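Form predicted on its own, single chain, as structure tokens, below.
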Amino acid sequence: MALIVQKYGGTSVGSVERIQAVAQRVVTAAQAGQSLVVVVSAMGKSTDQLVSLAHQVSSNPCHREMDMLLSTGEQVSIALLSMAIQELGQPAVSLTGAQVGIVTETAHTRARILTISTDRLQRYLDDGKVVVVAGFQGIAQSDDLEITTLGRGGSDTSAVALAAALNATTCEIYTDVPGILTTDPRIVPDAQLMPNITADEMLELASLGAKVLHPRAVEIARNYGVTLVVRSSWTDDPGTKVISPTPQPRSLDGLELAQAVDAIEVDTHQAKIALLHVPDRPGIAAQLFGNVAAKDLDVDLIIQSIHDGNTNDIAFTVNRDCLERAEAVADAFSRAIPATNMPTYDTSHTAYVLVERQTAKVSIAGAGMIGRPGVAAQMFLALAKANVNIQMISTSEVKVSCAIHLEDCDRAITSLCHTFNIAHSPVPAASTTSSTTFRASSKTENLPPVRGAALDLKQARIAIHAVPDRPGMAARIFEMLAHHHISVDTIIQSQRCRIVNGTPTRDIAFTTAQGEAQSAKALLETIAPELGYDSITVDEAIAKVSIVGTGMIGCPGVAAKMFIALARKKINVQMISTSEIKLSCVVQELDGVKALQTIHNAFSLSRGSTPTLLTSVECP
């Protein structure tokens, strides 16, 4: 008998009629011979209503009491659903998170799951009962029997964690959309349903704001090899399957807490090329990477940062074996810029190329870093303690990568593994034969390069100018922000080195939530005298547009195609940041929606189109 975990969100159980419809679906599955655990969210907007009540009686509600209050929402829905199932003749029982044995850390309103004791749950399953479980909640690992809630995405997390603990055949997530779409259908109405997606791709998309699945749930599924299926509550359509790699043996103790970082990755065979003082206008990145793609050169990290409003720096890394060809492309491009593209610029700021042949890339990865502002700061501090200077920084929501000098690589890895408690068990990574990851990696399939696109309109960019170029500066900056619970998203360190009072300096820019931007600026101003940087500027009128796809690994031309599409729509790229399977650009806020629609179309992601492997790009 197959054991299935089903999860229904608040919309799916938002009324008595919808609860009865869910009950009918559950009973049909049970009559087909399935053994069922059903995880349920609070009805409709009831959680919002409870939050509103709390703020009506308290200006600053205690987190413990908020957990006590909010946990009641799920208790209403599980009791009603259990009654509705029983009414249809199927035995059922409802259990709170505490009763089912979901044990969490003691962190009210944002607890993570430590373990699940499934004995009681298994007894009910063995008796033929459907077990209806309250999602979003658990009980703290203490003698005080404290009720805890799991924070945003908690019901998804509960369901996948139960599936992992029970070794379930499948975890089905029922929602009000037909599955995972290539982008937000409210912005792109012809967004296409994906029949399947890899866990790594889903993790990036979820981290970028795809709200169908929470990154915490996807990470558990990936760690324990749980098969996820996202389906509509209103139809019998198959939905989208999220495919996880075959997992390494893993204890259920510390199930979700585990650690913020679960992999340290290193590539010792990279070289860095930086173009400084390139014009800040639409089409520059498109021309450069169009030329790079025309030479069939595969680019790894790409960063672009803005300086004086007129010029940018663009830096990228390639495999060292390809350096001569990549350098020739960059040299030719830089020589062409002054004559054709920079008539209004100061000729003393002519574009030029810097090459670093002995480069290594070190990265930390893990969905556990989401919502933990201090993880990037820990990485930078670990590198500073090992006296490793950072040449480039590039981030995604679940990965932070730094380019460093090759001779510093061993010290960097030793320090990072010690800091994040990662064991030395090298396994070849999927991206290159010269890469090592201190965690098992899944093999990249022959997939279209881009599977989905995302837009974030709620970020602001903060630029810190003339930061002294020495180990420990980035660590101190982001440690300060983390201490005050300010989460940072994209981080860029410029390649241009300016001498200020005899000291080499670089600019550091990052994005954060708009509501935290001014607080971040004020905090950074307090340590400016200590660290010696110049000024801090904030731009809240930005948007971040991203593409995600496992197939872009080892596929030259993906970045060029994205930049060319944006250039043709006269959309200027202000910042660029990449990981192996994600590429993000910061553009003006007014261009955000158009940018998403443009790249969605460029990669043939809409309904009726067939995404294909990238074979060539055409320069504008």
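Since the model is a prediction, treat every value here as computed from it, not as a measurement. Heads up: residue numbers just count along the shown sequence, starting at 1. So that the term is clear: the rigid core is the largest set of C-alpha atoms that superpose within 1.5 Å between two forms.
The form predicted in complex with aspartic acid (ASP) is left out here; the points below concern that form.
- Among residues of the shown chain, Glu74 is one whose heavy atoms approach aspartic acid (ASP) to within 4.5 Å in the predicted complex.
- Within 4.5 Å of any heavy atom of aspartic acid (ASP) in the predicted complex lies no heavy atom of Arg372.
- Contact annotation for Ser155: at least one heavy atom lies within 4.5 Å of aspartic acid (ASP) in the predicted complex.
- Using a 4.5 Å cutoff between non-hydrogen atoms, Ala42 counts as a contact of aspartic acid (ASP) in the predicted complex.
- Of the candidate stretches 505-513, 531-539, 97-105, 147-155, only 147-155 contains residues with a heavy atom within 4.5 Å of aspartic acid (ASP) in the predicted complex.
- Ala293 is not among the residues whose C-alpha shifts by 2 Å or more between this form and the one not shown once the rigid core is aligned; its shift stays under 2 Å.
- When the rigid core is held fixed, the Cα atom of Ile413 travels less than 2 angstroms between this form and the one not shown.
- Relative to the superposed rigid core, the position of the CA of Leu50 differs between this form and the one not shown by 2 Å or more.
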